[in-house]
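The chain below stands alone and is given in structure tokens; this is the form predicted on its own.
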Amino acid sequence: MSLSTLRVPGRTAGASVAPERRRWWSTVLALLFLAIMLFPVYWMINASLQPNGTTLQTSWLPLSPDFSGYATAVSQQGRNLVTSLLVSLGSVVVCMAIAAPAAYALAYFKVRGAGVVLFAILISQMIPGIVVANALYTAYNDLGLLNSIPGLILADSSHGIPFAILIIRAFMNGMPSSVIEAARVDGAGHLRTFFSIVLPLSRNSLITAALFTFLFSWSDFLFALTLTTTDQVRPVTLGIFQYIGAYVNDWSSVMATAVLASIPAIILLVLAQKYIAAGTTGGAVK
């Protein structure tokens, strides 16, 4: 038998060519879809660097970038950016302070009616935001919480708490119960077990829930529009909305404000992407 007649079992001449060709086309399609999805972001940045302030005759490349739009955005929208940052961070703190203990109780304590509580949490996610906002306006008017940062923090965190409970509880259900039992045998109480054992092991789910709460609070428009009526407390989303009406002929400033408002979300998503992947799938398989 000559060497030319030898063949590797289960392999053909074109077996290695087809997968490489499929990978090549898959890469091209992925890059095409990525370019389509990121094109609005590129155009937003490009328009913010245009010197003429309009988007009707915007060039495809910012060959002569002008940062005057960013100077205008910082001077007129800087206070709104700080307000959004305070509201978002406060919402994360309130949401985690309530959602983490609630998820721990629903995951490990034999609470009567826990199924009803979980069903109520799911139902609360289906209520339209405009219904909640209108109800909160009446309550806030009686309590004096309109046009206040604590009022916006309570509103935004109340929207993020149900989702955070579901994410954290699913992750805690996937944790080995032997770890909790070992801590209890060693004499640790429920609070010590929660803070020293459960929370460190649930880091991925906590970061995921906190990030989603921050992103919702940062991009909230409905609560900001309903619960603020003055210029004293105004998140950046409402500021951009009113900014467009006042500076409709100066799109470079509007786009510069949008770019500045996108930076915190982009940074957080890039830094926490591995925790999000682990936190959202941690409770999928037990």
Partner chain sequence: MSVTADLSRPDHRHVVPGARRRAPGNRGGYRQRERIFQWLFLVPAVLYMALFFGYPVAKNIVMSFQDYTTATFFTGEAPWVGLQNYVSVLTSSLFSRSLVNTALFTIGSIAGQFVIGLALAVFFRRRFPLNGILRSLMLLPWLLPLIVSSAVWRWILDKDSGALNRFLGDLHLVSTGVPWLTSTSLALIAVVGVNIWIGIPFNLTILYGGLQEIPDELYEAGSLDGATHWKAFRHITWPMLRPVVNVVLVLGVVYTLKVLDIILGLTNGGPANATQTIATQSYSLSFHEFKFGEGAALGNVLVLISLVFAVFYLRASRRAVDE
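Residue numbers count along the first chain shown, from 1. Note that the structure is predicted; figures quoted are calculated from it, not measured.
Absent from the display: the form predicted together with the partner chain. The rest refers to it.
A heavy atom within 4.5 Å of the partner chain in the model of the complex is found for exactly one of A135, V74, V82, V179: A135. Relative to the partner chain in the model of the complex, residues Y70, N147 and T208 are all farther than 4.5 Å at every heavy atom.
Shown alone here, G90 lies farther than 4.5 Å from the partner chain in the model of the complex, counting heavy atoms only. Shown alone here, L269 lies within 4.5 Å of the partner chain in the model of the complex, counting heavy atoms only.
The closest heavy atom approach of N204 to the partner chain in the model of the complex falls outside 4.5 Å. Looking at S157, you'd find a heavy atom of it within 4.5 angstroms of the partner chain in the model of the complex.
Shown here without the partner chain, the chain has L118, F119, A120, I121, L122, I123, S124, Q125, M126, I127, P128, G129, I130, V131, V132, A133, N134, A135, L136, Y137, T138, A139, Y140, N141 in 118-147 lying with a heavy atom within 4.5 Å of that partner in the model of the complex.
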